[in-house]
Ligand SMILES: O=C(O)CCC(=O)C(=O)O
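Listed next as structure tokens is one chain, alone, in the form predicted alone.
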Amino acid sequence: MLSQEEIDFYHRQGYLRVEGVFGPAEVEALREELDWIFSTWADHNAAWQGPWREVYMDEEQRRQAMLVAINDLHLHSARWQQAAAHPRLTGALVELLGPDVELHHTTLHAKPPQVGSPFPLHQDNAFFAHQTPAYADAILHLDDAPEEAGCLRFMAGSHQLGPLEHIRGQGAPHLPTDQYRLADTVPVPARSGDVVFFNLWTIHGSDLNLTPHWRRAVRLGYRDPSNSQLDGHALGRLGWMVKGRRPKLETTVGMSR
């Protein structure tokens, strides 16, 4: 699925965009399923809060910024469960994580046209901390995401810093805006069907969606099943093995199923 050059880039830079993992017909089918999830399960007032918003947006933008989100789409929809185990997707994950791959969770992040909320720079480890970096997020794009739509942005190589202290108690966890700036990140625009992989410790964020189109993306989080979770979302919950087998470890015995 991946070339050695791509694998080396991921481990060196902490992220990787892979084009066309999902074909046009597959993306359209997932969009249709997402319409039902939108109307039935989604939180339509999920924009991140906190003082960082004064750095990222002016007053008018702060008032209008919106985000639609939902966790664990694969628990609500068989079609999305099948997508999480897509052979081209899991084939790439084996190259990045090893032969045993566990789905940890899925999350929709949908930025509405022109008012789609930004995300401050952060590491996902602040939301679901793990013992090692053997965890890869896979962002499946259902819409084109050019820079002006608030595409993903990364601090290249930042996963090598390890887990960092985040500002907490002021909205969602985020890194200090005076030390970690969007201006210092690398934009990674993508097309629908592309998947952007990145390490749990890679610093990333995104800007406002200023286009007249939705920017819908689903984060699928995968880990080596021997990588123990320390805290955060889905702590104590067994995930779904999409490749290989789960080793029997003390940390997994007695976990909820």
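In case it trips you up, residue 1 is the first one in the sequence shown, and so on. The shown structure was predicted, so the numbers you read here are calculated from the model rather than taken from an experiment.
From this point on, the text means the form predicted in complex with the ligand, which you will not see here.
A.B. asks: From the candidate stretches 164-172, 149-157, 181-189, 85-93, select the single one in contact with the ligand in the predicted complex, where contact means a heavy atom within 4.5 Å.
C.D. replies: So the stretch in question is 149-157.
A.B. asks: So, in the predicted complex, is H213 in contact with the ligand at a 4.5 angstroms heavy atom limit?
C.D. replies: No, H213 stays farther than 4.5 Å from the ligand in the predicted complex.
A.B. asks: Indicate whether the ligand has at least one heavy atom within 4.5 Å of a heavy atom of E102 in the predicted complex.
C.D. replies: So E102 does not count as contacting the ligand.
A.B. asks: Can H109 be called a contact residue for the ligand in the predicted complex at 4.5 Å between heavy atoms?
C.D. replies: Looking in the predicted complex, residue contacts with the ligand include H109, since a heavy atom lies within 4.5 Å.
A.B. asks: Is H122 near the ligand? Define near as a heavy atom within 4.5 Å, in the predicted complex.
C.D. replies: The answer is yes: H122 has a heavy atom within 4.5 Å of the ligand.
A.B. asks: Out of 216-237, which residues reach within 4.5 Å of the ligand in the predicted complex, heavy atoms considered?
C.D. replies: Only R219 sits within 4.5 Å of the partner.
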